[in-house]
Structure formats: C-alpha cells, structure tokens
Ligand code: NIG
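Just the one chain here, the form predicted alone, laid out as structure tokens.
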Amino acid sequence: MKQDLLITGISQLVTAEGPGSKRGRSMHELKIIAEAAIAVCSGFITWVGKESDWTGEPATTVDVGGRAVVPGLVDPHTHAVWAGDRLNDFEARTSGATYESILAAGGGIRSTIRATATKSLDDLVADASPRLKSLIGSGATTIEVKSGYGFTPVAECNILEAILAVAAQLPAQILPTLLIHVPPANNGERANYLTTVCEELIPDVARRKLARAVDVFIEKEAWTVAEAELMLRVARKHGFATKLHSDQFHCIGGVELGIRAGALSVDHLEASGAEQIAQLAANSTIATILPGVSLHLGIRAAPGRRLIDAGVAVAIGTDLNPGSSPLFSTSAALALAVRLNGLTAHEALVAGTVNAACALGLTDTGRIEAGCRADFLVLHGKDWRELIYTLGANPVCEVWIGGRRVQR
C-alpha cells in the first residue's frame, strides 16, 4: 500500500516496546533501532523498522539527516491557563515563607484565582497560547491542561472553554481536566461550595462536554479525603475519568483514595512513604511525579527511584503553573526527574511517553509503532540520550504531530 510519508535517515529510533499498559516499564523495555525509518499514512504510523527493510512506496520521503528520533512527549499534568503572576509569592518564599503560609495569608492559588476571575475568555486564550507553544517546542505532542483557578462554576467553565479554544488553535493533542482546587477561605462557606461542585459544576461540565476527567487537590489546606471521595463519586457517575493531587506536603490518605476510586493517576507524591508505595505497586494507578515543584519550592522530591524499584508505573509532568512550577519545557521535566527523583535516562523516557499517556487514559499515544499516532521528535543529535542529558538548551530539532512537521 502506498504511504503518505516515509521518514528516513534516523540514526536511532527509540521507543517503549509493546502497547501502553498500567504496569510499570523498566529501562530494559526500550526498543532501539539503528538506521531506522517510519512510514506514515493519514496521521498514523503504519510501519517501523530498519530503513533497509522498507519495501513499500511512499508519496513523500523526508530524510532527517542522521538524527535520533523518539516518541512525542506526553505532559500529563499542567495548569497552563491562568492570569496574573506569583512574583510576590516567589520573593516571599526566597525570604523564608512557606507555601502553606502564603496560601493561608491569601496568596498562592487564591491570588491566581482572583486575577483569573478578571479576565475574559479571549484574554485567557491569548495568555495560554504561548505557554502551550513553549511546551510543544520542547517536545510535548499531547498535553493535559487543568482548570482550577476559577472557583465559581461560571469561572471554571470559562477556563475549560479557554482550554478548548486554545486547543483548536494549536497542533498538539490538548486534553481538558476539571480541577477542584481549593475550598473557600471561609470555612462557613465550605459545605455550600462542595454542594455546588457536586450538584451544579460537575453535571454542567459533563452536559457541555468541557472536560474528560475530574481532578481534586487533597491537602491540609485544600480538600479532605472524605470531601474528595464525594466529588470523585459524582464525577464517575457523570462519566468522567478521575485523577488526584495527593501527598504534596502531607500524607493524609489521598493515594489510598485514588487507588480505591480507580483513578488514572495520583500526582505529586512528595510526601508519600513506604506504605503508599506498596499500595501503588499492588494496583494499576499511575504515579505522576512533578520535579519542577521540588526544584522551585525547594521541597523533598517524590520518591521516583523507590516507586520504580517497587514496580510502580511512573509518569512525569511539568505541573506548569505560576506558583509552584513555572516550568515551560516538558523535556526539561524529564531531565530533572533524572537529577532529582533518581530515574535513569531510559526510565525517564518511558515515564514521559507511554506511561504519561496511560496517566491520561490514552492507548495510541507515546510510542512509535504501527497503529499509533504519528507523533515523534527529531533531536538535534544522533544519540537519543541527549534529550535527557541537555540542560538550558532545547535538544529537540523537529516536532511532528499527526504526521506533520509542526516545528523545526
């Protein structure tokens, strides 16, 4: 069969072997093909192998000049739609204030909520577009974007509409998630807000098809396990996949709830210990680690090495947001996971591709093999490890999404 495209001149083609799964993958499960080629038809990969083994007839051949090729990166955790900045928070933290104390004083997430509430849909789209373009330029071909800075149902839906609007403008696969971030600062309003989320916000988002998943932030300064469990139950009733922010500062049962609820992933895990690791190892929930947070806030890094050694499937995200992780590079997140979380380069690539896809419930993304989306990266160098090795420069030469070169 004649193909649309044949990519040749690949020094190394590197991908995780086999279909996406919920089980962890080790460094030994990478497949490396030297002098490789990729055939593409209608935006999907139809053949992968050594260039010398190709016998088909392409309409177009593109030679990448002896460079390495890896799957497009998947960023499973971002907050790319916001207004304002958190420069005052940054200065306070560098002067000794804690994240929790800044939040309690009305800063942190709450200051971003106030700033975001003043912006129109067009403003939010205009602000988010360059952030997402930065992620795409760094190698992200699939990106999850959460709401969470809206607080009221109207404002949350406005953010989700902005995510969908910017997704329509950009080539990457952008997936919206409804995040129930923090409760009202006035505890007297907490119960009413919880009712509003369950009876108005989640059903409205489902009816309008504004999101694919619902995420809840479980923390001492955010939602309790019992409150989150109620919201997740409502989310599942309305057909949403579920995710959790958990164990960022305190270990208060979020991981355990995520496992009980069948969440796609539990994210952060900086405070997780041996018990949480053991439970994740015995179940299929993905553990998403966010090294940008550890770097920016100066907090303990998530136990990536121990998670992988226990057999947990680990994913990596940027957590791009204005307060705790102003990290605009998905490839840099992989590089940081090696330095801060103890992953090997092989494990970081797996965590940033096939496992990150699994954290979003995707099965045709994050790998270079027949039947998958033709999303891949051409690196500047001939050795794929430069993707993880490089700091301070972009190791990605070309970004291909759906069989089209979208950036070079």
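For clarity, every value in this text was computed on a predicted model and none was experimentally measured. In this text, residue numbers run from 1 along the sequence as written.
The same protein has a further form, the form predicted in complex with ligand NIG, not shown here; the description that follows concerns it.
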- Note which of T116, T142, Q248, S331 lies within 4.5 Å of ligand NIG in the model of the complex, where distance is taken over heavy atoms; exactly one does. Q248
- Query: Of T285, S272, T177, N321, which one comes within 4.5 Å of ligand NIG in the model of the complex, counting heavy atoms only?
  - Reply: N321
- Message: Given that ligand NIG is not shown alongside this chain, does K243 nevertheless sit within 4.5 Å of it in the model of the complex, heavy atom to heavy atom?
- Response: no
- Query: Hey, in the model of the complex, does W223 get a heavy atom within 4.5 angstroms of ligand NIG?
  - Reply: no
- Message: Residue-level contact is defined here as any heavy atom of the residue lying within 4.5 Å of ligand NIG in the model of the complex; does F151 satisfy this criterion?
- Response: no
- Consider Y193 of the chain shown here, and say whether it contacts ligand NIG in the model of the complex, taking contact as heavy atoms within 4.5 Å. no
- Could you tell me if all three of H79, R86 and H268 have a heavy atom no more than 4.5 Å from ligand NIG in the model of the complex? yes
- Query: Thinking of ligand NIG in the model of the complex, which stretch from 323-331, 206-214, 307-315, 235-243 has heavy atoms inside 4.5 Å of it?
  - Reply: 323-331
- Query: Using a 4.5 Å cut-off on heavy atoms, what residues in 181-198 are near ligand NIG in the model of the complex?
  - Reply: H181
